[in-house]
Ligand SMILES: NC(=O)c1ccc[n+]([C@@H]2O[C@H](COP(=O)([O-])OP(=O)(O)OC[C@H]3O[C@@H](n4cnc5c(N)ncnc54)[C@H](O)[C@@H]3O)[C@@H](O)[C@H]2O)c1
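Here we start with a single chain on its own, the form predicted on its own, put down as structure tokens.
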């Protein structure tokens, strides 16, 4: 392999940093490019800016190899493969916002050369990869590939080398170049067209989001009937393989699931009915819980404690967490709202678990962190939609 230099744009983020570490530990000369100075400072000093299994160990190993950090692009990117971990977010109207990728590319253009390979790594709106190829073709004639990530956040180092890597490219040459890079970290490569790969990533997240919506709809149906959904789920799955895919009820959130489902909804001109319904169910679960509490209690006389503020279990990431949506609604209705989380470090309003337990009249398990599994609580109502806390 001729070129072993890689620049990862957004390289200090949840997708970019673990990927940069993996490549550095495989012998690549990796440049981390990110405008977040604080996360760069932490990574330089061997501190993972977020929770990632074996993250510190792998980061410290990578720092002994070739792992460099930059906050602005310059000539160092001109002879490297560039991996962009910035995706397509959605705006306040839940429509794709292409400006983030375009702005990133425009910053890179003065320093890139003809024939360089640009790889998109994060989820993008269908057609973005082809748009990028044509946009660059007018300026620097670069190769383009879409090689999306597939790992579970927090477990990158466990999964990245086990999962097949999908590679889609603008040409045979681009495909070959991308393969030379990813075959060093992936045991199997799957090839397809650019748009097929884009849809594959979106379908994957929208499918998971709709699965959670089915479980949450079932939970609300059972609850309205005065039944325990988790007991019914257990009965249904017992020795019955065809029901194994039914997840527990719970908050379906995070930076990808809703966003990617909404991108498909936008692409379909609002004709993606399952995606739209899934959004209404998953986002509406918060409102259902509030209505349930208001029918039973005078909330202005009750202190409510929220257990878990990250968007998923054993995670410190609060992006798009439904716990905060629940908190926002409850603040105007309850006497006090207390929040706690054993992993989140970015919210100075969180309180200690014991303080929350002593002050709260009603508890809501928002996130099933392992720490909450064996809570011993008396004389307080616990709303545990997950069916997680041992009784």
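Since this is a predicted model, take the numbers as computed values, not measurements. Numbering follows the first chain given and starts at 1.
Same protein, other form: the form predicted together with the ligand, not shown, and the subject of what follows.
In the model of the complex, residue 9 approaches the ligand with a heavy atom inside 4.5 Å. Although the partner is absent here, residue 15 sits close enough that one of its heavy atoms falls within 4.5 Å of the ligand in the model of the complex.
In the model of the complex, residue 107 approaches the ligand with a heavy atom inside 4.5 Å. Shown alone here, residue 88 lies within 4.5 Å of the ligand in the model of the complex, counting heavy atoms only.
With the partner left out here, the ligand still marks one of 116-124, 225-233, 244-252, 209-217 in the model of the complex; by a 4.5 Å heavy atom cut-off that stretch is 116-124.
The partner is absent here, but in the model of the complex a heavy atom of 35, alone among 35, 336, 45, 346, sits within 4.5 Å of the ligand.
For the options 256, 77, 310, 286, the one in contact with the ligand in the model of the complex, meaning a heavy atom within 4.5 Å, is 256. Shown here without the ligand, the chain has 149, 151, 153 in 147-166 lying with a heavy atom within 4.5 Å of that partner in the model of the complex.
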